[in-house]
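Form predicted alone, single chain, as structure tokens, below.
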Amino acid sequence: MSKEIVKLDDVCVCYGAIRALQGVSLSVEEGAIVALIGSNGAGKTTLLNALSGLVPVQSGHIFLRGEEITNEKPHIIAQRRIAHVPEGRKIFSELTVEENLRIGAYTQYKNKAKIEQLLHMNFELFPILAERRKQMGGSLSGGEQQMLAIARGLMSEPDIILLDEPSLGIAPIMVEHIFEFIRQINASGKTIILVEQNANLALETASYVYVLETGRIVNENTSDVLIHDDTIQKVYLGL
């Protein structure tokens, strides 16, 4: 039976007078792919940022394996094996592919053998990055940069990966490849929390889905159920 690995309990996040998250509660089981869908401004990215310590939580609680991590510093959360792959990729364009990956291994900086092992693992998972290892990150295509951003996150050897809009700005053929890699990463035992603008893709990929509107969860269920929900079909799937 799967164990709960992440829990949010009545979490609120504000940007000045704007309430970006309003009492959000959710649960993520170990080894699952859980998707967050909703329109722009619904609070999806804010939720990931709160989880990884990038924005302060005004009230409520965040738990990792039953231990509270609310408002922990981002580097502490990273050390607790949560990796955040941000929207827009945010790779270091003037560093090589390999240098970008080595930066991602900062939690392993004392263990050079481990870093080489992680490099080898990522080059096996993403062969195109092995071919491009000496190229500048900024010279890669959008899809290749997204692969690099995901691989950089994997270099910290996380148990949980937060993926923010991995299909954004990428050619459709590359999106298919990216999501195949996401499934492979999940099959290796890693838990994934996925924010994805393409609701169809999110519902096809995730086992459980939360729907956010104006900072609140307004619907949740297994993807098999939600894909047949009339409101989801009309609002998010264009059916």
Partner chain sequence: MTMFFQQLVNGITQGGLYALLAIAYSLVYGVMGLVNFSTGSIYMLGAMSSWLVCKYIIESFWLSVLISFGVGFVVAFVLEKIAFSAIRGATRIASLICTIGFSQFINEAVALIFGKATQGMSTFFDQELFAFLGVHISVMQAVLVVTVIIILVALQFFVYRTRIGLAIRTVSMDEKTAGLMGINVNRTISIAFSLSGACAAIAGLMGAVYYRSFSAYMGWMPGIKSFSAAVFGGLSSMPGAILGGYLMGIIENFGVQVFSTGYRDVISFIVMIVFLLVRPQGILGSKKKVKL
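Residue numbers count along the first chain shown, from 1. Owing to the predicted nature of the structure, the values given are computational and were not obtained by experimental measurement.
Just so it is clear, the following notes concern the form predicted together with its partner chain, a form of the same protein that is not shown.
Asks: If contact means a heavy atom within 4.5 Å, which one of 206 to 214, 177 to 185, 51 to 59, 28 to 36 is the stretch that engages its partner chain in the predicted complex?
Replies: So the stretch in question is 51 to 59.
Asks: Work out which of 117, 135, 71, 93 lies within 4.5 Å of its partner chain in the predicted complex, going by heavy atoms.
Replies: It is 93.
Asks: Does residue 158 reach its partner chain in the predicted complex, with heavy atoms at most 4.5 Å apart?
Replies: No, no contact at 4.5 Å.
Asks: Using 4.5 Å between non-hydrogen atoms, is residue 166 touching its partner chain in the predicted complex?
Replies: Although its partner chain is absent here, residue 166 would stay clear of it in the predicted complex, with no heavy atoms inside 4.5 Å.
Asks: Counting only non-hydrogen atoms and a 4.5 angstroms cut-off, does residue 125 reach its partner chain in the predicted complex?
Replies: Outside the cut-off, so no.
Asks: Contact between residue 103 and its partner chain in the predicted complex at 4.5 Å, heavy atoms?
Replies: Because a heavy atom of residue 103 falls inside 4.5 Å of its partner chain in the predicted complex, the answer is yes.
Asks: Spell it out for me: taking its partner chain in the predicted complex, does every residue among 86, 107 and 145 have a heavy atom no farther than 4.5 Å from it?
Replies: Heavy-atom distance to its partner chain in the predicted complex: all three under 4.5 Å.
Asks: What residues of 133 to 159, in sequence order, lie within 4.5 Å of its partner chain in the predicted complex by heavy atom?
Replies: Heavy-atom contacts within 4.5 Å come from 138, 139, 140, 141, 145, 152.
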